[in-house]
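A lone chain, given as structure tokens: the form predicted alone.
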């Protein structure tokens, strides 16, 4: 009700509001400038400042929550401001900031439409933040659609003439199908519970899971709809083509941002407890096998790839399998904090690794039709030792090599699964991780142990902003990896209110 909406409620939503306001600056400036592209100050730096302001506001909200304790519900309980929401917002802001820095230098970006590009990216981020804040299935659906529609247009607007249009069509058609399935599942859940709010569904989920087949069907459809967005097997087929057809900065933004907020939504969904009954044991087994197939198929398919974007695309599918292990712990455990905190830590780690990995790829995209393969990295250590070092850090971290950040993200997920008794699932996770080492180390071997290819030397381009981004990402992977304990403890404390 409007009468109960306070100034504090407005402040709690300020990160989204700030991002939306600053997204309008480039377009309004362009309109007032007779449709001419504005200066970098108006089209790039002011939006970046807006992201910084949103980050400062988020940090302020976290401090308020630490002082006041319990999570805050606003808009009749549809929005929940808690640790899970705030960490998800931080991840989205981090990705958006660096993706915006990278997108300016990308050869895929249409220079005459850069203002529109910035507006769509920031509004996609607003949609992701809506999902992060959401305590209601309807609001979750609205946020996903807002982000997805912006991403469809961003992919299609690329300067690349063939693959980007194909990717946009595939993403739009399959994304629309997934949205329909998600909405259908929400309707089933509403029909059996009389509500779409996660907190209220939790009160009856365990009972309905053992008495109502319609409720279980709704849960399955919701899982399928969200499973498409995060590339869980067998809903992953769009991923390699869409990643390949998009610019590297946009792919990083899409891959890490959508994955982070959709897994946050799945965390709230699994926390309702619909899995923790005997009747749902078949569903539990199915989800476990989907996790196994996602890990194994993603890593095995990546072995056959030479195109770096497709390698990272299949890698993304495998990482969704690891994250699904954390969701299972949340759904099955009476104390789900370990699963939730491990999943959230993994999402934070994956965001850093993804923005860095796709950031270095953008250095090799000299034109919009560039196809970056592993062969482009031959002898790079002798030409660009700094770049070869940071690429090695990204690859080793994604492979889970200690003491880098990727190792600890897998360690916390696997530990939570073992404490829940999912030993065989952990074994599959370890096996798939071992398989992944081969294709993650392949670029490192090419950089340090192969002779450089003279035909590919000229493909590399210099960019201070991109070098800054990959450098910051690499530094965070090392620093946060070495100090992962305090960060994990902070994340664990922030998700206690969810359970």
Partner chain sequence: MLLSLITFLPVVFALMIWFSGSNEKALKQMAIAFTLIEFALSLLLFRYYDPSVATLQLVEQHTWVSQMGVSYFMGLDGISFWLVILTTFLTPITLLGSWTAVKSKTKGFLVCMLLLETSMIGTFLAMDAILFYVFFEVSLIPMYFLVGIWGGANRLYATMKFFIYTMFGSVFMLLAIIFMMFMAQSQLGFMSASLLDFYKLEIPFVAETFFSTQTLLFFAFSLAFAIKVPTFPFHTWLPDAHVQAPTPGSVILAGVMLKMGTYGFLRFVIPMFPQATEHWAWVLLALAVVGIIYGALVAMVQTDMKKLVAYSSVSHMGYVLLGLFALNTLGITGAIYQMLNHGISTGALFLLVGMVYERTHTREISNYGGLAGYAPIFSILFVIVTMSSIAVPMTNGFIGEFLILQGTFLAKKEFVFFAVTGVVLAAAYMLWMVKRVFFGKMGKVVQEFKDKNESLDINAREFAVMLPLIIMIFWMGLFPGTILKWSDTSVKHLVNNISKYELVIHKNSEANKSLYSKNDKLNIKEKIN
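Note that this is a predicted model, so its numbers are computed, not measured. Numbering follows the first chain given and starts at 1.
The protein also exists as the form predicted together with the partner chain; that form is not presented, and the subsequent description refers to it.
Undergrad: Heavy atom to heavy atom, is residue 289 within 4.5 Å of the partner chain in the predicted bound form?
TA: Contact check for residue 289: no, nothing within 4.5 Å of the partner chain in the predicted bound form.
Undergrad: Would residue 382 count as touching the partner chain in the predicted bound form under a 4.5 Å heavy atom rule?
TA: Answer yes; at least one heavy atom of residue 382 falls within 4.5 Å of the partner chain in the predicted bound form.
Undergrad: Please check if residue 23 has a heavy atom lying within 4.5 Å of any heavy atom of the partner chain in the predicted bound form.
TA: The answer is no: residue 23 has no heavy atom within 4.5 Å of the partner chain.
Undergrad: Would you please decide whether residue 386 lies within 4.5 angstroms of the partner chain in the predicted bound form, comparing each non-hydrogen atom pair?
TA: Close contact exists here: in the predicted bound form, residue 386 approaches the partner chain to within 4.5 Å, heavy atoms only.
Undergrad: Can you say which of 424-432, 81-89, 242-250, 150-158 gets within 4.5 Å of the partner chain in the predicted bound form, counting heavy atoms only?
TA: Of the options given, it is 424-432.
Undergrad: Please pick, from 110, 403, 234, 77, the one residue with any non-hydrogen atom lying within 4.5 angstroms of the partner chain in the predicted bound form.
TA: Here the answer is residue option 403.
Undergrad: From the list 215, 407, 364, 114, which entry has a heavy atom within 4.5 Å of the partner chain in the predicted bound form?
TA: Looking at 215, 407, 364, 114 one by one, just 407 meets the 4.5 Å heavy-atom criterion.
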